[in-house]
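Encoded as structure tokens, the following chain is the form predicted on its own, with no partner shown.
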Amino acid sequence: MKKILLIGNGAREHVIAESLKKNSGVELFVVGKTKNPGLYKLSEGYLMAEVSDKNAIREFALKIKPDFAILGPEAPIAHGIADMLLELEIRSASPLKTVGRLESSKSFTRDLLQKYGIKGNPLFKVFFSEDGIEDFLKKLDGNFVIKADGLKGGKGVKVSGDHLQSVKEGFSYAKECLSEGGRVVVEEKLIGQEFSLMSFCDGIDTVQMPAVQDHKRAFEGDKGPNTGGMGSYSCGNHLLPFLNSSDIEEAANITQKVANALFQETGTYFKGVMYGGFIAVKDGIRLIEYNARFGDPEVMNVLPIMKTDFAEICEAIIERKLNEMKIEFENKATVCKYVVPNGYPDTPVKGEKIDIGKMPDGVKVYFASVDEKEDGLYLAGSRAVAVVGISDELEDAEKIAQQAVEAVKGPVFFRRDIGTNELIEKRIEMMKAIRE
């Protein structure tokens, strides 16, 4: 019997738990800030605590003595929870803090690619003071992206034309980032289609998962503020309709080179999931950013169709034996849609009750920012419930997911257009126009 410690209480951790428990020889112990009903049912022990609380997690880990741990969200990775567990001789299928900087510091990643000659960076500069920022913004001719250096829950990036309407506004936001974090990254704005390519990594080898496209904007037609992700889709052939196989190869190659560079730079193997946010542009692929864990919602597109035993993959990551694993996924299309509180992401409703109605056959439901009380489920302030439709055809998967989100009642909303032919056709046309 394997004992596994899982840290986190969102939909990402719910699907991780479900995937681990497909192996009947797994006992699962969870640390979560709120009582996630899906995780609670799958666990043998559940500690309610902050996911970066070293003392609480240390005490819990010493009591249960897990074989290994998995850190779901970014915060415990950035706070060195895997490092603390390693001091207790508990290894993790998640990275140590020094290589976790791949996500927690935007400037670290840009500098790493530049230093090791890895293609994929846009034109960029890291600033530690206001000097030169305005000049660089003007040099980019008003096409710029301003990135806060640290973790901002997917909301620290502002783009000219979308969030910032002038060089003056860009300079103002850059100054705000500087005052908060001491540094800011300014980049050229890339035109193309974004996609997520997540890879298992043991520090030496990387194995990619099916490509997924996330939808960051809150409202239909890709309008409104950026969110943690309103939903995502993947296709049965593990490509995306606007990509070709050479795009995926190029992105996977960048990830492999970054894994090698991380070890050269730090002397530490990156063990866990390297999640590349990429963009297909006119002349190939560029890197937007890396995350040091599974994407949420993208994890819900890939783990439910993974055929290989997940607990065994985690052990191969820890033992640096990924090259001995054959990791397989079903050739199924998936559509994930999130139900979120009214007002999300800026002023989300909290503490209101929601009701999960009758779900269509074959849909998967994952609980995120909800709190289970005696009389039901309550909104906890962020994305609440994710549903996933899975089918041979993308169109059918989308219909299943849409039926499911409509069954959730309460002060909530969702995006109807994720995974629809209409939205995907727009993306195909855009890429055709760019690459002609």
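This one's a predicted model, so the numbers in the text were calculated from it and none came from an experiment. Numbering starts at 1 and follows the sequence shown.
What comes next is about the form predicted in complex with adenosine monophosphate (AMP), which is not displayed.
When contacts are judged by a 4.5 Å heavy atom cut-off, residue 147 counts as touching adenosine monophosphate (AMP) in the predicted bound form. Residue contact check for residue 250: none of its heavy atoms lie within 4.5 Å of adenosine monophosphate (AMP) in the predicted bound form. Although the partner is absent here, residue 189 is a contact residue: one of its heavy atoms lies within 4.5 angstroms of adenosine monophosphate (AMP) in the predicted bound form.
A residue is said to contact a partner when one of its heavy atoms sits within 4.5 Å of a partner heavy atom; residue 106 meets this definition for adenosine monophosphate (AMP) in the predicted bound form. Heavy atoms within 4.5 Å of adenosine monophosphate (AMP) in the predicted bound form belong, among the stretches 281 to 289, 171 to 179, 83 to 91, 308 to 316, to residues of 281 to 289. Listed residues 125, 183, 216, 364 were compared with adenosine monophosphate (AMP) in the predicted bound form; 216 is the one with a heavy atom within 4.5 Å. Out of the listed residues 157, 133, 204, 356, 157 is the one that sits within 4.5 Å of adenosine monophosphate (AMP) in the predicted bound form by at least one heavy atom.
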